[in-house]
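In structure tokens, one chain follows: the form predicted on its own.
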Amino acid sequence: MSDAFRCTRKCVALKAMAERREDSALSSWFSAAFRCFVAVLLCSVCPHGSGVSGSESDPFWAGSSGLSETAAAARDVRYLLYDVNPPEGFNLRRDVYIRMASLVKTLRQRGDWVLVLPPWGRLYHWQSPDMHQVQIPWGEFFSISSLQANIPVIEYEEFIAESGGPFINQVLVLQNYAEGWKEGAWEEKVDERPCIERLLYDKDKQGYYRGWFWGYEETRALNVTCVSAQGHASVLAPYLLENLTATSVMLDRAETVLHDHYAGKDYWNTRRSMVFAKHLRVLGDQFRAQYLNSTDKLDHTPYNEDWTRMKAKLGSAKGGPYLGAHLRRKDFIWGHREDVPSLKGAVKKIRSLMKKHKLEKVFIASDADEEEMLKLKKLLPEMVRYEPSRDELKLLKDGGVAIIDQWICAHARYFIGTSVSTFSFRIHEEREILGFDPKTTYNRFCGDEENKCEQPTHWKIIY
């Protein structure tokens, strides 16, 4: 693919993203896209006819339905999209991203595949009232350039601009095998099978399939097929490469497949590339400095914006002079009753740890409701929380606040989390990347009836 073509398609994508988003905060995106467009226009003398006319008949125009002969010859990109089971939360979805990244690496051994990032929105834990939280691009939560240093990724609206419209050629709904598998007879396999559950896609009068598609009502699919899959993510690669010629393929229920190399080098490369957006890290750092007397210099947690150059020695991080605690409530109170302590039980443990490690403050990250938080504050006056104003919340979204909570917990002198919570797991990984002693990281609250509970496993980082 020529440099001119790459530049042009990026400009089109930026312009399309800016025009689709109505909030003024993205006006800078539009300006940047416009300046880029002008630059490409001025470069119209480039070889291979890479100039842009700007008319709707131009093949690079966002609303165009096709590519010119020259562009078609230059373009050999195929797009992989994905989604997961609707009830799944923010941090499990981050885990599925790692699986899809591994699949893309396998696919790229035989072609130019790009992963399309599924927009965020309508998640169970995002319960701020009267807030529009759909069609949120990954760039609001993560550094796109950091992700791209691992595999090629683009936002969904860039995909619309590049591919000529909101069409997905093929949706594969992943499912388990109806007959299950017999113990001792595990095998990795993929087969097209009848749908086990009712499809969440409906065919319209034009013959297109309509579905959730991350809140983009104009998006439609040309084909929807159910596929039974059993095994690691890359078990899908032969099926995608040998059975399909579609330019864009979406895997629905992508959590069905497993990690290719859990906790291995490939896993950690992708996990390390999932750098939080800089504005969220800056806000977290400001809060640490103002309320917790915590800075990277004092805490021995130097940070490199280039994750490929960051390699902290295990045990080198000291952490800020506070205890970090993730106290999961809501559905965990009844779903994991034996593993989750009462508020009084949690406070007892927190006070014990503060005394042991000579800490005077505790930062609490929790999904507890307002009533429980008031009770907790009475029991634990020393607690500190990140509480954005209404206007700040509108800008950050619930996902942004959750990331700031994780970032602050990741820098604590000592961290304790909640059993089997992916929110806590992601903090473990962040602290592993920063170089904390495992003894200060892999800890969890015990249930009130547990005298001694099993602590989280240490998954050592591999470079």
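Residue numbers here begin at 1 and follow the sequence given. Worth saying up front: this structure is predicted, and the values here are computed from it rather than measured.
The discussion below concerns the form predicted in complex with a small molecule, not included here.
Exactly one of the stretches 256 to 264, 344 to 352, 157 to 165, 363 to 371 approaches the small molecule in the predicted complex with heavy atoms within 4.5 Å, and it is 363 to 371. Scanning H326, R271, R288, R99 against the small molecule in the predicted complex with a 4.5 Å heavy atom cut-off leaves one residue, H326. This chain lacks the partner; the member of R108, H279, K311, H125 within 4.5 angstroms of the small molecule in the predicted complex by a non-hydrogen atom is H125. In the predicted complex, none of the heavy atoms of L396 sits within 4.5 Å of a heavy atom of the small molecule. When the small molecule is considered in the predicted complex, V401 lines it closely, a heavy atom lying within 4.5 Å. Although the partner is absent here, G89 lies within 4.5 Å of the small molecule in the predicted complex, judged by heavy atoms. Taking the partner from the other structure, the small molecule in the predicted complex has no heavy atom within 4.5 Å of any heavy atom of Y414.
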